[in-house]
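One chain comes next, on its own, written as structure tokens: the form predicted alone.
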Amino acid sequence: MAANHDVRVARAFHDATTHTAASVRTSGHTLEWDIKPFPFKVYTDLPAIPLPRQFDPVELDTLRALDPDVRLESGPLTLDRLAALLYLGAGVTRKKTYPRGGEVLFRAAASTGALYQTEVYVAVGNVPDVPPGLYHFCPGDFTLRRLREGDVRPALAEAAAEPDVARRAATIILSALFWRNTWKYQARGWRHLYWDSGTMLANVTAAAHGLGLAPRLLVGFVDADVNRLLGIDAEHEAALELVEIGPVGSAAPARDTVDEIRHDVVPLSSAQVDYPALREIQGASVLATPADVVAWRKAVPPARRRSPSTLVSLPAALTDAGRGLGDTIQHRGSSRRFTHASLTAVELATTLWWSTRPVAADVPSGLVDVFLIVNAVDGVLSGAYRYWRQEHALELIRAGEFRRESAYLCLEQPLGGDAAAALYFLAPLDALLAAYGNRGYRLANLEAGLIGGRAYLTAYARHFGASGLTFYDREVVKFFAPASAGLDAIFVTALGRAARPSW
């Protein structure tokens, strides 16, 4: 775990990839459209296994699917349920064709720049009609392709230092293809790998919960072993997170060895640009052995911050949205323009509450704080606030009309100012690095993305819009001072009435 301990790497990377008004205007980076990466990973030497297109629509109310206290009867992981989970997590939900023939395929979960660098693999052990093995999911043709025959759960369980992985019906593995995001966002795209996988995990965990599959997120694992199992080149793609799903059965017999595999794939583009800083931070945040994983999970998270004595109370969150999870995801989309119409205090309170509820995981939640600029929420004074999740209340930092400031903070994008409320996720990065090493930087970005993804689900369940945004890092921290002392800006999600709602 030596590499993970040198936290100067994460600190230096964060500072070097900070956006400023000067850096944005002087970067000189342009989009080379002739080498834009292909949006799907396609294995050319493996047969496609079609997934059923008629499956459980997951009609459980969206907010109940986000509620960790809702206990659903656990059922078997069938092929139909697996198809539903993959569709609602990463599937193509709709298509838009432009007059000149251009086509955009919208996915179930949001992705920065609609670049969709997050890939999905499934280690199958006990799914009727699916032989045990390791599979890759391709959203483009809604198929699985088997990369390895035989039950790989024991090898995955060893890499994750989690024996239950060998007993659960299956495990979802998320990875990221670096170039698909760095084509636009350069080295800073490393942060996006974890924002976007977090947003996808919001869908995956909610859908799995709604299907009675008892999902559990694993962020600790031996990176090299999981990458080897997937047969990926860690210089270009890396495993990010695991999610064990399905009922617990008998443990699969251990495999003697895990052979190297290399399958042919369609090239992403004719040329790629390398960003060594991205590879450095990814490599500096790995865990080397199962013992390292066990030790890393025992780290003590930073102490919870104490709330002030004076707080602005929020109404109780709704417990039913009136919209099933499957329908919410089917109609989800990133809002491109907000009106200045207001949200209600109940809508804001419901979004804050359900987006910050914990998910079952191998590490604690609550590592990221939610700050917000309220522009138009009925019953809530316009101004800058901090949300205290346990108290379900707001701390007023200062009152005022801050539409112009919020737009500026969000890289001068009008969405940030037009939003009824903009959520700014900040984290005690230095304290997280001290506790978890460089991998703590993964945790901060991942949790911010997960909260943002759950905010999307809550918003669209209640028929208003959301959009993830990037930002001027230091200016965000400065704006929320003094409450933001010791914190770093991680991510932003804007909420509001969409000018052209997807529903």
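Don't overthink the numbering: it's just position in the shown sequence, from 1. Quick caveat, the model's predicted, so the values are computed rather than measured.
Form predicted in complex with a small molecule: not shown, discussed below.
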State yes or no: in the model of the complex, is some non-hydrogen atom of N375 no more than 4.5 angstroms from a non-hydrogen atom of the small molecule?
-> no
Although the small molecule is absent from this view, report whether T112 comes within 4.5 Å of it in the model of the complex, heavy atoms only.
-> yes
Taking 4.5 angstroms as the cut-off for heavy atoms, does W388 touch the small molecule in the model of the complex?
-> no
Report whether the minimum heavy atom distance between T351 and the small molecule in the model of the complex is within 4.5 Å.
-> no
Residue (of F106, Y408, Y275, F142) lying close to the small molecule in the model of the complex, criterion heavy atoms within 4.5 Å = F106
Sole residue of Y424, W195, W190, Y87 within 4.5 Å of the small molecule in the model of the complex, by heavy atom = W195
If contact means any heavy atom within 4.5 Å, which of 433-441, 464-472, 64-72, 33-41 contacts the small molecule in the model of the complex?
-> 464-472
